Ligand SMILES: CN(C)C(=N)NCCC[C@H](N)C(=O)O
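A single chain comes next, written as structure tokens; it is the form predicted on its own.
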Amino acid sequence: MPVEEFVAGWISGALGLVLGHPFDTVKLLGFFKGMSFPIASIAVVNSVLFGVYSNTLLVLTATSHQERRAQPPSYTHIFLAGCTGGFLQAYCLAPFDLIKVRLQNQTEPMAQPGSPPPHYRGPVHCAASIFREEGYRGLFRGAWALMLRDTPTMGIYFITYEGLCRQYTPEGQNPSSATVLVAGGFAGIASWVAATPLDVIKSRMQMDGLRRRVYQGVLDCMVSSVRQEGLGVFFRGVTINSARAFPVNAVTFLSYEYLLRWWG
């Protein structure tokens, strides 16, 4: 199994996070709040996504990354490989994403004279507190919503990227840097437009249980949210998600492509 895709995904994921974390956090609190933990975890998760995607395509088409420009895989294979990568990525991401969301939504100020201590003192304390208060399953709260979000949207993600690269690249050649940037950016937007409804539900499920249980499951969360706030609730945050998605995924794909060419 080629490991270059995992390493390239790891590095490109870290670079994308550095660029995109302020956008990701502004919808909640401060620009760089909670950045140290996700930068250490998202690189691992991104390596799973790109590594599984590329190796699934290798199984489906028997062509390596370097051979795929001359022998492009079908969009069906691309979608299936993207869905596979998204499913496994979501499983790995669930505990990390839960901890990130809990830390970013923490409204208590950091320890100051006379102020109560924050509920979570950091990522390790957050993970230990969730495990102690909510059990092992608590670390995977919202995981089903995360898997429902990431499985199809990662298929859309890679199809959009490959489709735009093929449209603006001469047959058999590697796409230019500009093409990779634009294709990666629009792939990020397309995936987030599709993902935002379940991202809203995922975040609510992750915060559920912090003080008391509100939702009985993903479906109950969806029904309750619509009943209380209307269908518009599913598109809350779509603007900031899209604004974040373009530069993050443009940089992610550019660094991924160039790392593989450099090693190839």
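The first residue of the sequence shown is number 1, and the count goes up from there. Remember, predicted model here, so these are calculated numbers, not experimental data.
Omitted from view is the form predicted together with the named molecule, to which the following refers.
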property: The named molecule contact at V248 in the model of the complex, heavy atom, 4.5 Å; result: yes
property: Proximity of I201 to the named molecule in the model of the complex, heavy atoms at 4.5 Å; result: no
property: Heavy atom of V52 within 4.5 Å of the named molecule in the model of the complex; result: no
property: V48: touches the named molecule in the model of the complex, heavy atom cutoff 4.5 angstroms; result: no
property: Option from 165-173, 188-196, 67-75, 125-133 whose residues, in the model of the complex, bring a heavy atom within 4.5 Å of the named molecule; result: 188-196
property: Contact set, 123-157 vs the named molecule in the model of the complex - heavy atom within 4.5 angstroms; result: R149, D150, T153, M154, Y157
